[in-house]
Structures are given as C-alpha cells and as structure tokens.
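Single chain ahead, written as structure tokens, the form predicted alone.
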Amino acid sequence: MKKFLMVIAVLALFFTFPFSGSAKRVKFITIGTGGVTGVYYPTGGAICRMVNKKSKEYHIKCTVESTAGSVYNINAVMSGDLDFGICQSDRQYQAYYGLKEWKGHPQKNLRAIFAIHPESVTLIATDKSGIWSLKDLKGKRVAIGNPGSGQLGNSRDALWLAGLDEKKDIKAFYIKAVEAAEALQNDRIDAYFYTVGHPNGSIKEATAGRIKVHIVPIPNVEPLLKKFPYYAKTYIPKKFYPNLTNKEDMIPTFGVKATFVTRADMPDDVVYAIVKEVFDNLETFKKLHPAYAVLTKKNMLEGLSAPIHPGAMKYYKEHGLDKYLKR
C-alpha cells in the first residue's frame, strides 16, 4: 500500500512540475459574450476556435460564455470571473473613466485589445403602433434593454435625443432583446431597442411573424455625437431583413463598436497569441459572420479608450499598426 501511495505521489509531482523545460501548463481562458442570438456570442466562439487550433503551440484552451452583455462582462473581467470580455465602446469608455454604472469608481485596470464590428442602435416597432420616429415613442410600451446591458444606456441616450423621459413618457420594459422579439410579435410591447451588429437572428425573428414591423429611422443625430464622442452615424441595410416594411434601402441611425477587453494582469503572451491569430488570419475571420465584412486592421484599432494591453501593443508595433492608435 505504501509503495502504491508513493507511486501516486511521484506521478502527481510529475504532472504538477514537468521535468521538460519545453512543457508548459495549459492556460484555460474564458471569453464573456452576450445573448446566443446576438453577434457577441459567435464572435467569442470565432476567437476561441482560432486560438484552440493552435493550442499545442500556445498552450491555451479557450471557452466562451453567454452573458448579460457589456456591463456584466466588464465587471466580471475586472473581478477575475472572466478573462476576456466583449463590450460596447461606450461602456469601455464609461468604465475606464468612472461614469454611468461606474460613477466614482473608474476601472483603471481595464485594458483594450482591439475593436470588432460596428453596432447600430436599432429600434424595431410594429406598423400598427404608429411609431415612425423617436418622438412617437411617447406613451408607448418600449423594451429598452435589461440591466447590465450596453443597449440600456444607448436606449436612454436615444430617448434623450428625442427629449423623452424614461419614467414619465414611455412604459419601459427592462427585458433582454432576445426576449423582446417574441414580446413584439405577441403584442406585449410596441417597440424595442437593440444595439447589435447586423444581420441579427433576433431581429430576423421579430420580422418573420404575423405582425408587420419596421426599423425606425434615427436621423439628425449630431447633438448626440457632440455630447458623446464614442458614437458615430451608422446605417442598417434593409436587404438583411426582407420582411421589413421600410421603403429605404439604408436606414439611418447611430451606433458604437464592439470591443475586446481584458485586465492589466492578463499575461502578455496570452493576449499576444489572441491578437496574432485574429490579425494574421483576418480574411478568414471576416468570413465567419456578415457583420465582420467591413473590418480592416486600421478600423479594428478605433474606438478604444482604455490603455492598450502590452501583449496587444507588442503585436501592433511589430507590424507597424501602432500608428493607427490614438495617442
């Protein structure tokens, strides 16, 4: 029995402290994303697949987790519950500078890695609701996003643009966008906001039911852009949703960018490996989702307000991409 226990102890030591200098312990990492019908979830999956293909080289095993979205992901990354997270560029800005949910508590250990696809603030309404502009939301039942999601803040900014008060002027529903599509078709709400890359499964679901729907145009967003520098004008192609009753081919609105973040103490080699796989294989990555079609190495370095993680910066400097970063 003693010999048996000794063998077990030796084997445990062998696997805990490998004798070969070339052997490395595998690092397990998790990426926080969003709802399974959004773009965050497949984005996290795409990054993981690229890294896992080289797991023997990098000694990294990557998994993806569906979460409540941007705010949750940032908080979970900062607390160590997640290693990486996808979040909206506005939420990255607010977290780092201690605004909104982080008021008085700036997240100075937050680190940016790269930006991904643009995300448009999308307002979907039923035709019978009579909502054809932001101002028409007054008195209506509107889903503005669940607590912990980036789109809740965007919805509030859109209401501000229209001079509407969330508590007084609308009947607000604080539900996830993936639940809102069904609620719209079941006539429990008149409209819902969704900040997302296009095309999107939830919006396809919302347009495929018996109740006719349209995307509400949000033009004239200059006051918003002036107040919030992380926003930009965007357009939603109607071709992605053939069942929409919109007449225009490109529907105007505003939006943010999805960004990939971590914390300051994440090992440089892990971050470097992720950046290398995505940027070295960008054309392959772009084919994984229609929302990625507009990506370039240059615009993937825009919309970043937290400091760049050193592991990412190493790659950018090696490839002359650091010139695209805001100083």
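The first residue of the sequence shown is number 1, and the count goes up from there. Since the structure is predicted, the reported quantities are computational estimates derived from the model, not experimental observations.
Below: the form predicted in complex with a small molecule, not depicted.
Undergrad: Heavy atoms, 4.5 Å, the small molecule in the predicted complex: which of 296-304, 266-274, 53-61, 38-46 makes the cut? Say which one.
TA: Comparing against the small molecule in the predicted complex, the contact stretch is 38-46.
Undergrad: Going by heavy atom distances of 4.5 angstroms or less, which of Q88, Q94, T122, S155 would be at the interface with the small molecule in the predicted complex?
TA: None of the other options qualify; the answer is Q88.
Undergrad: Does at least one non-hydrogen atom of Y192 fall within 4.5 angstroms of the small molecule in the predicted complex?
TA: Judged by the heavy-atom cut-off of 4.5 Å, Y192 is well away from the small molecule in the predicted complex.
Undergrad: Is G150 one of the residues lying within 4.5 Å of the small molecule in the predicted complex, judged by heavy atom distances?
TA: Although the small molecule is absent here, G150 would touch it in the predicted complex, with heavy atoms inside 4.5 Å.
Undergrad: I'd like to know whether A68 contacts the small molecule in the predicted complex, with contact meaning heavy atoms within 4.5 angstroms.
TA: A68 belongs to the contact set for the small molecule.
Undergrad: Heavy atoms within 4.5 Å of the small molecule in the predicted complex: does I144 have any?
TA: Although the small molecule is absent here, I144 would stay clear of it in the predicted complex, with no heavy atoms inside 4.5 Å.
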